[in-house]
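Here we start with a single chain on its own, the form predicted on its own, put down as structure tokens.
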Amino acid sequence: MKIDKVKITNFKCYEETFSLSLNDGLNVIVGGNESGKTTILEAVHLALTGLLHGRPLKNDLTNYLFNLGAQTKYIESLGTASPLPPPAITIELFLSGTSSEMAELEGNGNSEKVKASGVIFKIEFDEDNYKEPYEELLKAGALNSIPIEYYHTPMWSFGRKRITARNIPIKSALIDSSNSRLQNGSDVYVSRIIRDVLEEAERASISQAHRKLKDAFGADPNLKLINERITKAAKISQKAVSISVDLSSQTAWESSLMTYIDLIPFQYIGKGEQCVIKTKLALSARKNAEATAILLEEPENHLSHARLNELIADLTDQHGQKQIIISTHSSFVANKLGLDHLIVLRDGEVARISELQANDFFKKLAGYDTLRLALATRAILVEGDSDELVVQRAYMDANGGRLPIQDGIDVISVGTAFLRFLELATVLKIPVAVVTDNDGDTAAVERKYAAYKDSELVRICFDPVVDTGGLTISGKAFNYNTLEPKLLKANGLTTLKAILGVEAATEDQLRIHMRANKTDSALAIFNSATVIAYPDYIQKAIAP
């Protein structure tokens, strides 16, 4: 049993209905800040449990859950002849699988009017109970916000039946390593996982043991004296007032027992360790056959490289049994889990990487900053550090001193992996420029990038002129067609040696120096107060 698709309307950043299809196993969601990654995780968890931030949402309704655009349209309509009805938040989950429980959720009571199994969670105006009070407020012109006090949170099956979270066969575990939600000193989520790991008889045994604690606590002579004093001081009729252990429900032990890790209370261990423990407990749910959706918010937070590797290995091993939805800003996490699982949120749209030929490359060499490319508005790909520095300085000189990243343009060093990054950029529809040397063979460059010759997204930038000369180094002909010789050609010996602070009597001496000190030379150009001239192919790369 898995979640096939989630549809969100009017919830937080999503006004128009947002639809996202999910893989059965791993789903890695990436996007810029405020792109809606966390909202998706919260929406799925809310529709499966009715909980938001660890608490029943029905007790914590607020206007801030509604999309700001939907709120504004509603409020602006209140003073008109045709006011809009109070807005509603809708979260639909389309489910797949076979079981008697799934059959109970089947019907066509969904936004697509198709026969499917699923649930609908709503935050909507309670017309049955509050229609008249609402109309009175509307007539009196007393409304200036969503009347949230007249709202309720029903949960429906696609079969148009009212249900609760207990009716849904898929259980949800939302893990956010940046937060610990405590109840009487115990982490709420850890307590819930431990409860689910236990069998019914084991939970009953713990409850009985907890009751014995109450009896022993109440029998303590010191407590008896204290309770007698409290009763006398309170003077409430003839009834006794006392303090004891909470046993008001069968599950009172869940909220009063503390979880310890090596005799240290759970909330006092490191945040990274908390994240790992929560995730591993969720992965080892009571029954492997029980469907569980694990929602993991930025697992890279607070984790060392080694611990993150360990966690990713567990997620990779388990995703055949569990459906895992992860939000991340980490290229390492995205690469290691596989770019075929990657879901990129861009401007409210969803971009996917399916059957990407470069997937195995990025997975094995996880240091590549794939997410820098995936999250950039535009990118300029260069071969190395020296190219990156010079391109950045060229952009600054042409744009009032602003760095490219300040305009959403990321300059990324990709080594020799240009084609792999271009494949990724093409799938994600990201405008990209390639800055490359011609190495004395322009025909070879054209052949290499022939597939992108007519692309509207990809701009291949190289010098079409092949330069030659008589310089040799250790018996090998010098390459006049890389960045450094092209910079010397554009600026001349006097200008460039002054910027680099080098005593060079000839251009060949400066060429040899720059070849041996590529990064230092580029850094000197980047930091120089003198504005230099840049070859045309670099100007082409930084152009709008």
Partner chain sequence: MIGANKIVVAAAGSGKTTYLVEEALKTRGERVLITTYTESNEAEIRQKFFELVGHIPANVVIMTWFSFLITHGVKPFQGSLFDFSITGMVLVSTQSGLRYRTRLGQPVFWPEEEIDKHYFDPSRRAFSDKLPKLAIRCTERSGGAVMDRISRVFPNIFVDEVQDLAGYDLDILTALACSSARLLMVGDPRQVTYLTHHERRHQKYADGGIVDFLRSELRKKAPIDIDETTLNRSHRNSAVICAVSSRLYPALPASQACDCDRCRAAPPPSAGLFILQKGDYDHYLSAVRPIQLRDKITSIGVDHRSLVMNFGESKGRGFDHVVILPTEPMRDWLTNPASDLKPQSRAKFYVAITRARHSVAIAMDWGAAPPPTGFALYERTAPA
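Residue numbers count along the first chain shown, from 1. All values reported here derive from a predicted model rather than from experimental measurement.
A second form of this protein, the form predicted together with the partner chain, is not displayed here; the remarks below concern that form.
By the criterion of a heavy atom within 4.5 Å, residue 314 is excluded from the residues contacting the partner chain in the model of the complex.
The partner chain in the model of the complex comes within 4.5 Å of a heavy atom belonging to residue 104. In the model of the complex, at least one heavy atom of residue 108 sits within 4.5 Å of the partner chain. Taking the partner from elsewhere, residue 416 is found to have every heavy atom lying beyond 4.5 Å of the partner chain in the model of the complex.
When you look in the model of the complex, the only residue of 229, 447, 160, 131 with a non-hydrogen atom within 4.5 Å of the partner chain is 160. In terms of contact with the partner chain in the model of the complex, the residue from 113, 453, 139, 212 that brings a heavy atom within 4.5 Å is 113. Heavy atoms within 4.5 Å of the partner chain in the model of the complex map, among the stretches 326 to 334, 408 to 416, 160 to 168, 456 to 464, onto 160 to 168 alone.
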